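Have a look below at one chain only, the form predicted on its own, in structure tokens format.
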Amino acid sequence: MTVRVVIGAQFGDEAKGKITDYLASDARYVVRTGGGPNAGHSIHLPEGQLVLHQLACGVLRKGCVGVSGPGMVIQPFALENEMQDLERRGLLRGEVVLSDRAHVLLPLHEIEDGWEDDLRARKNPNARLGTTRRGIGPAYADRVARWGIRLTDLSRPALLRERLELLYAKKTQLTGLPPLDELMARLTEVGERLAPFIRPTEPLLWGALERGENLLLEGAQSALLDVDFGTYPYVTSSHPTSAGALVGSGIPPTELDEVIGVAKAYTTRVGEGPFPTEDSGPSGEFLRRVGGERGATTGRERRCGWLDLVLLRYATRLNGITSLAITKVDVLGGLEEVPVCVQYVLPDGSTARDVLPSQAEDLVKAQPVYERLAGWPEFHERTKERVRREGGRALPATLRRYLARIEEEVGVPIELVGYGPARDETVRLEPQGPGRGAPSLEAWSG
């Protein structure tokens, strides 16, 4: 039995969906542990590309159970559409289970999300967060403040109406809300249709642990967007860390075996917030164009820049990452050299290598110090075919040195490398020596 968690180690959009789908091949349960319809996991199957928003990647594999866990906020109408779309395409091959403890994201949360971000911008143009306006923040806020509605409530009309009335009484500042009776009817109807999938998930997963079955916990968003440890206030409203994945699934921390951090070979960010290695010039535009850097859910263009090892070291320490998956190395193919940020110089003249300022305003002022590494050839189809046939040793030598440099700087091994979007364009690396894989235990600066 193995319990793994897949964590985004940057600002999101690292191809976590691709890596989770790859690892799901030998998992009995895949659990999505947080987030809602703002996060889209793009999966490239032989049948075509699809984007999962609220379903776990396990639903794509026969014999696997995809669990939308208790840490999520679920928009039930969008979820139903997502399930129906997969069924129409013949891709809903696994089993769908929805936690009865997951909270319901309502249309009024979506309205509130836009209202809040507009309010920030009116008060201070620099305060806009760039939210997706999908209602995630307000839904989590109601959850924590104990105003929330859970999936289990949809089957209890009297309780559902009581809680809806409380919510409407609380949100009198909002305009354009759907009539309460209309929303009540819609929620009751969708609750009836989803009822066969809603159940307590903790006993289900605990039983799997007792039987020795493999579990894979699937994060949404990424560690640097954690509400406590990310670039606050430019963060999400949940805990997309390894600790958050345990809380969002009900798996005890003593059961966790591996934490796999996913990072691109470069860095992207969507929305507002500090981004020390952002490149606003031709190189950033190159990364955006070649990498297809648009949000899977919103379609928004992503901000692009170079790999930031300060952030990656921080995320590794924060999450207890045991190995890395580096994705989209093909995007950088053909460049003569690849810059990598190895430390920051802060305004007071000090340097930082593995900790972040707690104030986002201070991180904005950090100056990245780059090490420039040799680039590698473009990933033509013949190169990809050779990697499929021969494994990691067929990767270009300069790329292998690039990966080795990341390992040396971060202190954990790179286990997986993604060299294209397709399901079979991921290669597992073999250990390269007796020291490979041992996390650095040296004192971290700070």
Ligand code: IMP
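When you see a residue number, it is the position in the sequence shown, counting from 1. All of these numbers come straight from a predicted model, not from anything done at the bench.
One more form of this protein should be noted, the form predicted together with the named molecule, which is absent from this view; the next part is about it.
Taking 4.5 angstroms as the heavy atom distance cut-off, pick the stretch from 345-353, 174-182, 366-374, 132-140 that is near the named molecule in the model of the complex. Going through the listed ranges, the match is 132-140.
One residue of G420, G40, G392, P413 in contact with the named molecule, assessed in the model of the complex (non-hydrogen atom, 4.5 angstroms): The option sitting close enough to the partner is G40.
From the list E272, E110, D362, D153, which entry has a heavy atom within 4.5 Å of the named molecule in the model of the complex? By the 4.5 Å criterion, the partner-contacting residue is E272.
With a 4.5 Å heavy atom cut-off, would you call T236 a contact of the named molecule in the model of the complex? T236: contacts the named molecule in the model of the complex.
Decide whether K170 counts as a contact residue for the named molecule in the model of the complex under a heavy atom distance cut-off of 4.5 Å. Looking in the model of the complex, residue contacts with the named molecule do not include K170, since no heavy atom lies within 4.5 Å.
Though only this chain appears here, would S99 touch the named molecule in the model of the complex if you measure heavy atom gaps against 4.5 Å? No - in the model of the complex, heavy atoms of S99 and the named molecule never come within 4.5 Å of each other.
Indicate whether Q221 is a 4.5 Å heavy atom neighbour of the named molecule in the model of the complex. Close contact exists here: in the model of the complex, Q221 approaches the named molecule to within 4.5 Å, heavy atoms only.
Residue by residue through 1-26, tell me which have a non-hydrogen atom within 4.5 angstroms of the named molecule in the model of the complex. Sequence-ordered list: F11, G12, D13.
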